[in-house]
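One chain is shown next in structure tokens, namely the form predicted alone.
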């Protein structure tokens, strides 16, 4: 068990009593690139997580050990600039936000490891930020609730890492509930859980094995394009603040005022928000067929209107689109690589994966990885005594 490995490594390296925390990755059933437009998303925490053993250090420097990267670094309690170890910067960003809020930060010793595949679109970075924030909240007696921690970790990503992400990943990691997805209103941050009755189906992520270099820059560009769309619409509807408040009638009535590319970006966001609502109703009705259709439609929008897919993602979705074992599939995450999420009949999954692995290897030259995921609980402490019982 990874939690035990992390704790054992901490005990081998330090003579203090650690506390142990975990924070999960996430899937997003539907609602991509809607979060930073104040829209709706439908994520779930998963059973893969970041594990952190941590205790205050005895001096002004702490030692941070990454099991996954095989690195050990010393970090000053006053460190406030990025360092060359990318994984550590996500932790530093969280520390900076606590410091900005007026908290005095001691040095910490820590060991961190994860079984969330990096670069696969399951938000390993958000999980890393959330586990650090949850731990600091405990050690500093900060008294922040989960919603406040989601905001704090989002600021860490925006301000320190420099990615202008929305709040979905952090919120999902902190608020997950086993056997549920939840609809998050990214403006009000109200949320509602929906039970997942998957019956003979489950989720499989197919990993393209690529992450194209334009992912981060294009992400920020899409935000700018959406802002341009709102600026265009505000000429006709001065009270508008985000694409969340836009419908098809408003878009189509003023189509001639738009740059064609900006119109397509806005149309995608409006349609994706609607797909989230339709999927929620389908889940209420235990209608997995409609849920699957919404997933396929989402991918087409991401590919053709929002243009954040790539050849590898499209290939994997195309390969399963006519397979009776698959109810739905789409790219998941920011785009330009990572995984597709697939709703697959359990008893035909092995045969499907074997077939697609062959064709994907021939297409891309990359060995296809796959991950079976189930929903899990959100960020929390692991009681150490529970590991030795």
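These figures come from a predicted structure and were not determined experimentally. Residue numbers count along the first chain shown, from 1.
One more form of this protein exists, namely the form predicted together with a small molecule; it is left out here, but the text below deals with it.
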remark   = Of 355 to 363, 43 to 51, 59 to 67, 26 to 34, the segment with heavy atoms within 4.5 Å of the small molecule in the predicted complex is residues 26 to 34
key: in the predicted complex, the residue from 168, 149, 269, 94 that sits within 4.5 Å of the small molecule by heavy atoms   = 168
query = the small molecule isn't shown here, but in the predicted complex which of 194, 219, 201, 98 has a heavy atom within 4.5 Å of it?
reply = 219
ask   = With a 4.5 Å heavy atom cut-off, would you call residue 333 a contact of the small molecule in the predicted complex?
value = yes
